[in-house]
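Read the single chain below, which is given as structure tokens and is the form predicted alone.
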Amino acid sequence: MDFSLFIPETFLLLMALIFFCQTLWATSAKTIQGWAIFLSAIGVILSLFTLNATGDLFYKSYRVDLFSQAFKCLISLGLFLVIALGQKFKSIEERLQPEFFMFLCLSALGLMLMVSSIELVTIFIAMELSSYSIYVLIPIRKQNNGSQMEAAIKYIIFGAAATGVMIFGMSYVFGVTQSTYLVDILKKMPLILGQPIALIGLLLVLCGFFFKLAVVPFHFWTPDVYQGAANETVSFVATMPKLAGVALLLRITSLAGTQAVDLIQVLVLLSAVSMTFGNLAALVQKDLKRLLAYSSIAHAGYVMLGVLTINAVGFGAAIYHIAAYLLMNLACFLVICSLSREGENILVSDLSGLYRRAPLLAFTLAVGAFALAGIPPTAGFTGKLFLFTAALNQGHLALVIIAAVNTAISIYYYLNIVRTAYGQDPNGLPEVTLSFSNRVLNYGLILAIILMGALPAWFIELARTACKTIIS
């Protein structure tokens, strides 16, 4: 076996072991956080180093190709940003921080395994490794008002239900194809897709990934988990599992091919409902994290626009948008973590006069909100443009009109955030002092969001090339 194909995963496992060892003896929180940032930065470099690696592992149940390696780069980058924006991890007790970082690494490892898995049982095991780590992470919060326990229980219950449905679907797929390998299923699926049992099985398998993406009706956990969990934990849960969810959604959907009309119609319905429900619910939210939760449901609907095209152009647009979502969502969470003094939740009213209290932070919030709304020249605008164009080219005019209307609705609540930060007086709220590393992170995210939106050619070409490896 060529272990060089397994470098990013091995490094994450070593990171988890290092933090496990740190749970055994007393180490200062500052030292642990420094190690976490340093090691996660090395993880990004190693993932970039293996970007062009190809090969099969573990009896061809695990594939390393451009598609999987691109997602591993995004997962490594996301883990580094989540750790870096947490700064002092004010929401997490110091004695629990080694465990916190250990489970972050294990969950990221599970996500990496997911994006390379091409066998149903392997996908299930990788998904559970990631999910169980998140189950432990959610209740770890300094404030003990019970909301974090409620959030954890809801996530476990809905996660277990989604997993059960997914396994049920896998049994159907195995029953009609006599194989758990996606390569074999890909060959047989076009011949048997006319059978209702095959279509139902495929849809049930997709339910597990709909849960990760928070697509309606698998979204119920989202607002409560966002509100109840620690800010640093939510920044991970809100972005990283969605990357792996999109990767698996693209891999499984590509099995059906463009002739699967019934499947496409179901995806169209889920996309329209997710966009509309998420944006309408976000209009009335006062808690910033709950607002971002409903916003994430809407963005899951936007991503579905690319998924339902079942071609390299649409799939590439979906990858581009979820990568942009990682940056613009983490920009908003950077503001939340910086404003929160003791790890408490931030209300929209807490943003009042932010441009006077911390001008750089206000600008980061504005760029992140503009990008989420889809205002040029940000990455969010370019991502939606790619998605809308891909769906329109496949004849989904009505759905694109619904998406455009939803974008207009979303502009109201995103601009309301910016208006509160720039258009209102501080009203006695304290100034916010940013450290040097925090400033660098602010500038980095601002530049990344704008450059990715203004110069998208390299990334979208890479995404489309990667998608051609999974579409026959």
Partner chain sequence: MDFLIPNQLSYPILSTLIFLPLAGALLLFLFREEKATRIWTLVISLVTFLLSLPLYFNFDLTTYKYQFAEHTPWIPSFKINYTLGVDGISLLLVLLSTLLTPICVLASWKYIEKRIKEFHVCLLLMETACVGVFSALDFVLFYIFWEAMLVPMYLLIAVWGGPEKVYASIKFFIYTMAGSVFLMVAMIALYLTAGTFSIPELMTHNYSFTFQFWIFLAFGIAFAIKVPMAPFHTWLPAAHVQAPTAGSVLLASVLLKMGTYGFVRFCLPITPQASIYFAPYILWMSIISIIYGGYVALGQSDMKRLIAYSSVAHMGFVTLGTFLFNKQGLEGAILQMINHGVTTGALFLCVGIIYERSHSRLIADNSGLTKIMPVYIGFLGLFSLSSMAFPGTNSFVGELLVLIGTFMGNKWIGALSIPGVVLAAAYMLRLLQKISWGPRVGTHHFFDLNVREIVYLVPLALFVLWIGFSPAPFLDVMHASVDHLMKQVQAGNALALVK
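Since we're looking at a predicted model, the values are computed, not measured. Positions refer to the first chain, counted from 1.
As for the form predicted together with the partner chain, it is not shown, yet the points below apply to it.
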- in the model of the complex, the one of Val440, Ala26, Ile45, Ala408 near the partner chain [non-hydrogen atom within 4.5 angstroms]: Ala408
- Item | Contact check for Phe370, Arg419 and Ile460 against the partner chain in the model of the complex, heavy atom at 4.5 Å | yes
- Heavy atom to heavy atom, is Ile18 within 4.5 Å of the partner chain in the model of the complex? no
- Is Ala53 one of the residues lying within 4.5 Å of the partner chain in the model of the complex, judged by heavy atom distances? no
- Query: Closest heavy atom of Arg356 to the partner chain in the model of the complex, within 4.5 Å or not?
  - Reply: yes
- Query: At the 4.5 Å heavy atom threshold, is Leu397 in contact with the partner chain in the model of the complex?
  - Reply: yes
- Message: Looking at 215 to 223, 398 to 406, 124 to 132, 296 to 304, which stretch has residues with any non-hydrogen atom within 4.5 Å of the partner chain in the model of the complex?
- Response: 398 to 406
- Query: So which bits of 436 to 465 sit within 4.5 Å of the partner chain in the model of the complex, heavy atoms only?
  - Reply: Ala454, Leu455, Pro456, Ala457, Ile460, Glu461, Arg464
